[in-house]
Structures are given as structure tokens and as C-alpha cells.
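A single chain, nothing else alongside it, follows as C-alpha cells in the form predicted alone.
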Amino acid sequence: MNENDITTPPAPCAPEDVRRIACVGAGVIGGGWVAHYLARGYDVTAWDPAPDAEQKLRRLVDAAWPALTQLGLAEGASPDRLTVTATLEEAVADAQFVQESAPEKLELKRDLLARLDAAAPAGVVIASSTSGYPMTDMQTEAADPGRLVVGHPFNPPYLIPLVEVVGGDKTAPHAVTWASRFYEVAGKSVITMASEVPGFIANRLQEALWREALHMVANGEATVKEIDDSITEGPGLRWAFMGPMLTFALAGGEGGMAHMLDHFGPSLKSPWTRLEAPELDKELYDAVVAGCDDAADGRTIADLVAERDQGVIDVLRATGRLPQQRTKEDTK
């Protein structure tokens, strides 16, 4: 980030005082953000260029609401506080924060962020839900790039607490600080990254596991179901409350990570993983799709979404990590 950037004015209100949020892009991620913000008691305006966007968005919110109700709704939370506008400009006209969730196409992101910058009130922070692009690469066409930050969630944003926040070379430091605090107020668990890393933190780790899984399917070493079971019945149970680094430290017994590295360090040279991505040819494509159909065992996508949502709620509840609820008292 550019520490000398003084052209971007401070946000017009404190993170705790935000009441109106604009969500631009209303697909799976953007719709998940809409559901989250509505459940936290905000007024949300949304825009998406797809002709059937509003119907799909409202169906997504309706489908997410039972899970959000279990988590606990903020005072005044309601799907009725959603307004879908006809234009991008209408959506952001009086927004106090803007969440962009357009498809992962760099030129599209650049153009859209420039349009948002031109339309949103001065100083309002604009965050991108990009899964991998650095903000430095996306803010190139904006007149005021200082207020553009990455706010990378995990799917579904209405359930998974994590948001990774980072600015680009032209992002004003105070915009990053403001965005991180806003996400905390909005009930998220925030990692404020010190510098840009392609794919951020969690996606890089997730991608490594994904590539290895594809190699095993491609080589006939494991089925889709076996791969999924190996995580849900194995390390995934630990990762729900303790990350891989501390988990490995415990493998060292009383000696901790130091003993673990001394004991298992040499195995790092063993050819256990193949991190280069396999060729996604038709055979592998078909095998992965068929494997997922087999693993679903007749359950529809809607069935699986409901099962996933309930599972996340159960884990959050069991580990004591249900988000603190935002009420009017919290913001006084």
C-alpha cells in the first residue's frame, strides 16, 4: 500500500455507524453477502446485470434465512430491507459501504471498480470479493484507487466467518483499517494482510489440497467420496477449531513443533505431493463430475446446501464461535 497516498478522503462515517450497504453482483457470493448483511440488520441495495438476477437473489436469501435465523438475527433484520435496483448507479447512490462480487475476469473487475468509484459517494470504501486477483491489478482504471480494497470471503459468506482484507499499491492505509473494522462490526472474523499474495492465504492452502485431490482422481488412486471422507472423518475434524500449524505442533508431543520438524522434516523431501495442477482433460472432468454425483447419492444441490449450512452451524455452535450479534446498542 502507498503510505504517501493522501488524496483519498476518509470514509464519511465510522464503521459502527454504517446502515446502508450496496452489493454489486448477486451470484452465489454476492447473494451470500446480501443475506449476511440483511441478517445483521442493514439496509441493502443490490444490482446485477442478469435479467433474472432479482428472482435468483431473493430465492437465495429465502433459502439462507432459516440458517441465519438459527445463528441469531440482529434487531430489525429482515429480507424486506433488500432493494434491487435497475442500475449500478442507483444501487450505490447513498451507500455507506460497497461490496463488489462480480465474476473473476480481470478486465471486468477493472471496469466495474472504475464505474463504482465514479458513482459511489466520496470516501465510501469499496471492497472486492475477488478470489485471487491482487487489488493492485484491479484498481488501475479508477480515478480514486485509494478507497479500493479486497474483502475476500469464503462461501457461503452468510455462514463462514473469514474475510481476508488487503489493499493494493494505490490503496490508502486508512481504507484498509476502516474496512477491517467494518467487517468486524458486521460479524466477520478478519485477517488484515500486510501485503498482497496471489490467492490470499486460505485460497492458496485450499488450492494445494484441491490440486492433490485432482491428481489422485486422475491417477485412479482415490474416488471423490474417499477424498471427501478422508477430510471430514480425519483432519477436517481438527481444522474446525485448530489450524494445520498447531495441529502439526501437537504431533511433536511435549517437544512441540521443534520435535515435529526434527522427526518428520526429512519426509518433506518425499514425493508425497504433486502440486503442479493436472491436465483437466475430458476424462478427468467426467470422472470428477460423476464422482460428485455418486457422492451426492440422490441429494439435490438444495439438499446439499441445507446439509452444509446446518453442518457449519453445528460446528460453530459446538466450538463456541457463533458470531456476536449486532444490535442498536452495539452502535450507540
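We number the residues from 1 along the sequence you see. Remember, predicted model here, so these are calculated numbers, not experimental data.
Not on display, but discussed next: the form predicted in complex with a small molecule.
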* Interface stretch in the predicted complex with the small molecule - options 72-80, 125-133, 226-234, 244-252, non-hydrogen atom within 4.5 Å -> 125-133
* Since exactly one of Glu212, Glu90, Asp262, Glu104 fits, which has a heavy atom within 4.5 Å of the small molecule in the predicted complex? -> Glu104
* **Selected contact from Ala240, Leu108, Ala208, Ile191, since only one has a non-hydrogen atom within 4.5 angstroms of the small molecule in the predicted complex** => Leu108
* Using a 4.5 Å heavy atom cut-off, are Pro49, Leu112 and His152 all in contact with the small molecule in the predicted complex? -> yes
* May I ask you to state whether Val44 is within 4.5 Å of the small molecule in the predicted complex, using heavy atom distances? => no
* 4.5 Å heavy atom contact, Val28 to the small molecule in the predicted complex -> yes
* Hey, in the predicted complex, is Ala22 touching the small molecule, heavy atoms inside 4.5 Å? -> no
